[in-house]
Every structure is written in structure tokens, then in C-alpha cells.
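Presented below, as C-alpha cells, is a lone chain in the form predicted alone.
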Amino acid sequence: MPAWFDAFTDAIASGDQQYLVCETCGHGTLPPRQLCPACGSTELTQEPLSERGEILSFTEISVTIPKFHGETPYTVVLAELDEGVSLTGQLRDATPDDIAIGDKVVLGTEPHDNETALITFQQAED
């Protein structure tokens, strides 16, 4: 995993996650970078990132990489958080039959092995 990932998952775990906003065009982005991917500006500021979003897409994983051997099937969700930033993570406590595009989810993280954490989502209860 890239160096920023561990700091980002630690921030999610503590409820202090942030994303970058371009001061020139207002585009929000993750992961951390030096330039705005929309306009190329270097004027990026950190802003708080909510933990709530909605499902843009999802898929069930049946064949996976060795790191996740023995964990299939599991569901991966692409979610757009309230600020317009998209993240991918594993869905917890639900299957593809339980969710639909547009459903609300809550961002989380959990330890996966001794080296990294996973970004996760759970269905929101509202």
C-alpha cells in the first residue's frame, strides 16, 4: 500500500479523515497529491471528509488475490461521500442482494492483517 494509505485509514478510525479541495476550481480529491486533477492548480487545502455517502456501484468478488484468500465471496462498494469524493471499500454485514445503487452507506475501517487496514462500508440506518 502507498504510504498515504495507512495515515488515511488511521484518520478514518479516529473520525478525523480529510480530503483535498482545490482553491481554484473547488474540485475535491483523494488520494493526496500535489496538483488538482481537474485544473492543475497547486492550491489545495485539507478539509474534513464526512463518513456518509451513497453507493455508485458494487460487485461481489468470488476470485481474489492471495491476500484475501479464504475471504470470498465479499462485496466491494464504490461510494461517493457527501463531498463528492469517491472511495472503494468492502461492504460489511450485507450482501449484494441487500443493497442497491443509491443506498446510503457509512465509511469505516478495520484491521486486516498485521500490516494494513481495510476501508469498509456499512449500510446507513436512516
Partner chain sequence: MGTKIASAASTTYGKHPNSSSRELLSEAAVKAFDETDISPGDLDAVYIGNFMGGLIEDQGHIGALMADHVGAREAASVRIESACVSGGATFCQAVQAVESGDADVVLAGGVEMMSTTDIEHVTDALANAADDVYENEQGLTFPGIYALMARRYMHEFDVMREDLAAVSVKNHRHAVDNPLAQFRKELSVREVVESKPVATPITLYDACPVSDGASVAIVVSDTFAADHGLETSAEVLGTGQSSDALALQDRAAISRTPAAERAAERAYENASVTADDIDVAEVHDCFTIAEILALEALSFYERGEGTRGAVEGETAADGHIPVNTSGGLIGKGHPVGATGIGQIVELTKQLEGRHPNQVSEAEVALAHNVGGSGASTTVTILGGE
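Numbering follows the first chain given and starts at 1. Predicted model only: the values in this text are computed from it and were never measured.
There is another form of this protein, the form predicted in complex with the partner chain, and it is not shown here; the text below is about that form.
Open item on the list: Whether 44, 104 and 106 jointly form a contact site for the partner chain in the predicted bound form is the question; each needs a heavy atom within 4.5 Å.
Closed with: Verified in the predicted bound form; spot residues all out of contact, no.
Task: 4.5 Å heavy atom contact, residue 1 and the partner chain in the predicted bound form - done: Result yes; residue 1 sits at the interface with the partner chain in the predicted bound form.
Open item on the list: I'd like to know whether residue 36 contacts the partner chain in the predicted bound form, with contact meaning heavy atoms within 4.5 angstroms.
Closed with: Contact with the partner chain, no.
Open item on the list: So, residue 66 and the partner chain: in the predicted bound form, are they within 4.5 Å at any heavy atom pair?
Closed with: Residue 66: yes, in contact with the partner chain in the predicted bound form.
Open item on the list: With the partner left out here, check for me: in the predicted bound form, does some heavy atom of residue 51 sit within 4.5 Å of the partner chain?
Closed with: Residue 51: no contact with the partner chain in the predicted bound form.
TODO: For the heavy atom contacts within 4.5 Å of the partner chain in the predicted bound form, list the residues of 56 to 86 involved, in sequence order.
DONE: The stretch touches the partner through 56, 57, 58, 59, 60, 61, 62, 63, 64, 65, 66, 67, 68, 69, 74, 76, 78, 86.
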